[in-house]
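Only one chain is included here, represented as structure tokens and corresponding to the form predicted alone.
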Amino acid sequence: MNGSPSGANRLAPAIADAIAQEMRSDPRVLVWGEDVTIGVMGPTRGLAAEFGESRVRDCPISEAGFVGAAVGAAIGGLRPVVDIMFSSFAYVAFDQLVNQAGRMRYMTGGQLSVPLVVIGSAGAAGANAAQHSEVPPALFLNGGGLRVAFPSTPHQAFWLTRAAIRSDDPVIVLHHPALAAARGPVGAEPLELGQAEVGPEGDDVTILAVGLMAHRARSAAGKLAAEGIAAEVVDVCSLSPMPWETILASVRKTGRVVVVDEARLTCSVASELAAGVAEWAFGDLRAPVRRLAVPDVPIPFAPGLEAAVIPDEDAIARVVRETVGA
């Protein structure tokens, strides 16, 4: 993928910069959604000032309506980027996303494509309560036909957003509100859908992690290194396509796996990752695969309860120690 890297060094502005660069080079790229002209959550901030209301439009609070309009616009030759603010709001537009956008290319035998990007925050960030703290990527994966990315660093956010906008398939780009201001460099080496990032590297155990959990897994790996446990973190920032080659290479090297996910445990991305490892690398395992995720409950409003159900660095480190000692 050609293009200059982002000048932003924070995650949400890196998404906005990626969109801006694609808008400058391709007049078909439009942005609309909820409060996109002011960019409440960050990924569209500053775009209205540069591109104006003809290309950056606020929509009424009717996700089914404006996501459906974006599906039609994409089929008609545009490349809309739709910010729904909270990914939980995608539930009311699921027919448009799954039944229409996700099915159209298949049902027309490739005659039509839907180059649509939907952006939404995913995860708890401090008392946003159950309807604003969802991590729903497993639902998008199960829908079929949708690409899904969940960056945890500015580098991932910039390049995966650009890849999403250039894709001829519909792509869901999730971003964690607690990582909106997360800092980090944006390198010149592109990251594509279907790729993962590995770091730190290690030989004792693989931690497969998504979103905020990847950020916390890297922190936990630093603490474990001081104890003599070399944990390798695979940041699964692309969920569809899933970067199985990178995942399995790490598992075959370490022989131990801990999967960390902020979604509820049942039918989660953690479950899919654990199943794939067990199916394709069972002979390389030296210990049972462990999953660490949210209990099967809504995310509580109370900050203390919210913190209690979401895995933190200490919980990740504890499960890694148990796995290494198994």
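All values reported here derive from a predicted model rather than from experimental measurement. Residue numbers here begin at 1 and follow the sequence given.
Just so it is clear, the following notes concern the form predicted together with another copy of the chain, a form of the same protein that is not shown.
For the chain shown alone, Gly228 is not a contact residue for another copy of the chain in the predicted bound form, no non-hydrogen atom being within 4.5 angstroms.
With a 4.5 Å cutoff on heavy atoms, Ala49 does not count as touching another copy of the chain in the predicted bound form; it lies far away. Another copy of the chain is not drawn, but in the predicted bound form it has a heavy atom within 4.5 Å of Gly144. Proximity of Ser219 to another copy of the chain in the predicted bound form falls outside the 4.5 Å heavy atom cutoff. Val98 is the sole member of Ile247, Leu193, Ala182, Val98 with a non-hydrogen atom lying within 4.5 angstroms of another copy of the chain in the predicted bound form. Not one of Met23, Ala188 and Ala317 is positioned with any heavy atom within 4.5 Å of another copy of the chain in the predicted bound form. Stretch-level contact analysis of 126-134, 173-181, 149-157, 209-217 against another copy of the chain in the predicted bound form, using heavy atoms and a 4.5 Å limit, identifies 126-134.
With contact defined as any non-hydrogen atom lying within 4.5 angstroms of another copy of the chain in the predicted bound form, the contacting residues in 75-98 are Ser88, Tyr91, Val92, Phe94, Asp95, Val98, given in sequence order.
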